[in-house]
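The data below hold one chain only, encoded as structure tokens and taken in the form predicted alone.
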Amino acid sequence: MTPFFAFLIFITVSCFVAGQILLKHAVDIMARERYSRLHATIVFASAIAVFAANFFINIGLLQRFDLSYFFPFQGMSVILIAIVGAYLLKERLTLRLTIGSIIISVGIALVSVS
């Protein structure tokens, strides 16, 4: 794999994580008793735009790599979403979530090696 494709894989995983975080943030904004409809719409539209970028980059990468090679990188997004959600959205990282993330990481490593 060339550095360019490694960068594209990093971008697609980052876009997926950013899209999930933005979508959750938009929903949190709308759950408030008083909220700015414009602000919520901008955040929601940003989430859709980031997901669209993720989709098109994924299509390009899937043309180049086998799914069995590419998918373990996508699995890392679950762990990154938990970490970024805890940091940016102030969600709690429980012991159960941390242990689950470690198990997922080990599974991804095992799949990647095979």
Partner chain sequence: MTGLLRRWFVNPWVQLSICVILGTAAEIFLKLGAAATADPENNWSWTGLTGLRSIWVWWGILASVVSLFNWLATLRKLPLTIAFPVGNIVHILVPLSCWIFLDEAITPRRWGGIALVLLGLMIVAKPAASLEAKL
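Numbering follows the first chain given and starts at 1. All figures in this text were calculated on a predicted structure; none of them were measured in a lab. Throughout, rigid core stands for the largest set of C-alpha atoms superposing within 1.5 Å between the two forms.
Only in words, not in the display: the form predicted together with the partner chain, which the text now covers.
- For the chain shown alone, residue 21 is a contact residue for the partner chain in the model of the complex, at least one non-hydrogen atom being within 4.5 angstroms.
- Interface membership of residue 101, defined by any non-hydrogen atom within 4.5 Å of the partner chain in the model of the complex, is confirmed.
- Mapping the unseen interface onto this chain, residue 64 counts among the residues with a heavy atom inside 4.5 Å of the partner chain in the model of the complex.
- Heavy atoms of residue 111 reach within 4.5 Å of the partner chain in the model of the complex, making it an interface residue.
- Contacts to the partner chain in the model of the complex (heavy atom within 4.5 Å) from stretch 39-75: 55, 56, 57, 59, 60, 62, 63, 64, 65, 66, 67, 68, 69, 71, 72, 74, 75.
- Superposition of the core reveals a Cα shift of 2 Å or more for residue 78 between the shown form and the other one.
- The Cα position of residue 8 differs by less than 2 Å between the shown form and the other one after fitting on the rigid core.
- The Cα-Cα distance between residue 27 and residue 90 is lengthened by 3 Å or more in the model of the complex relative to the form shown here.
- Three angstroms is the minimum change: in the model of the complex, the CA atoms of residue 8 and residue 104 sit closer than in this structure, by 3 Å or more.
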